[in-house]
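Consider the single chain below, provided in structure tokens and representing the form predicted on its own.
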Amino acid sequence: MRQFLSVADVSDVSSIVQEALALKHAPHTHDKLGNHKTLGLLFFNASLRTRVSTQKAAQNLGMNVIVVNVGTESWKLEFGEGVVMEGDTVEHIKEGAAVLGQYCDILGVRAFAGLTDREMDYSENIMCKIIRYAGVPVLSLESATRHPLQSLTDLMTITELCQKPRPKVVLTWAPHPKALPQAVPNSFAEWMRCADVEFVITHPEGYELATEFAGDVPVLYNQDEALTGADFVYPKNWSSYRNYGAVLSQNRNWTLTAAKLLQTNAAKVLHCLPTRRNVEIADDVLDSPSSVVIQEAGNRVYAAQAVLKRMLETNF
């Protein structure tokens, strides 16, 4: 595994899920694998779970970890080609990434969508240029269009908790006070399409995901209909793809509540976190046994560890 940017970088999805689950039970089995190897983590955006879980995953494998908050702890980077750098950017990505490739054996990069230019965001400009100029393997810590570590974790958690073959998994849009990227739902849809689950997406009209991610997954505009018989529910906000970055609705009727869960098959509730309480998900869900968001967050360590293990085994 040279890069980890999407589910397409995984040859066998079930295999990496099982490897992550095995690492959860024996996290220090390969604690010499990363000896004398350095993982650099570049954050263009804020992070809690991704930052700490990936650091711990690397440490479990014996790696050194360097964290850089780009623009605050380093120079502000320029990504444009042929620009005259007379503005507020100080270092070009051509030099910045190349230098980091001299210091680090693997780079993890987190860079959100800007939500103003769909073509730019969906070209994955930042991620692609770092890969091009760094010259070392790159791990996505969330990009403009995907969050593969989170999606691997989601599937790992579903597998861990599943009580029957082919569970029904529902991705439901939820309200939020600000526009959020499509990265998490895009990625979740991509991974669920590769899993042995019955997958359904529900959202208000206008929030359709790009076809490359949603494919032919059934989309329902009636949340109650979608939730019926669900085994796992993933409430998550995203802004419009079609009317790019727009918030088309603040309909609080889409907030996931305990009353709505009554029509499910005692569904477990997942979320990538952070979540806005009583906006996306009600207290009576988050504080109930239905919520598995803390267990899910804990699993982030072992999902990242499985990926880093494969990158170390493949490249060094």
Ligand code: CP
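One rule holds for the numbers: they count along the sequence shown, beginning at 1. From a predicted model like this one, the values you see are computed outputs, not experimental measurements.
Although it is not shown, the form predicted together with the named molecule is what the next lines describe.
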item	value
Partner-facing stretch of 142-150, 242-250, 79-87, 160-168, counted where any non-hydrogen atom is within 4.5 angstroms of the named molecule in the model of the complex	142-150
Check all three, L48, P274 and R300, heavy atom within 4.5 Å of the named molecule in the model of the complex	yes
In the model of the complex, R110 touching the named molecule (heavy atom, 4.5 Å)	yes
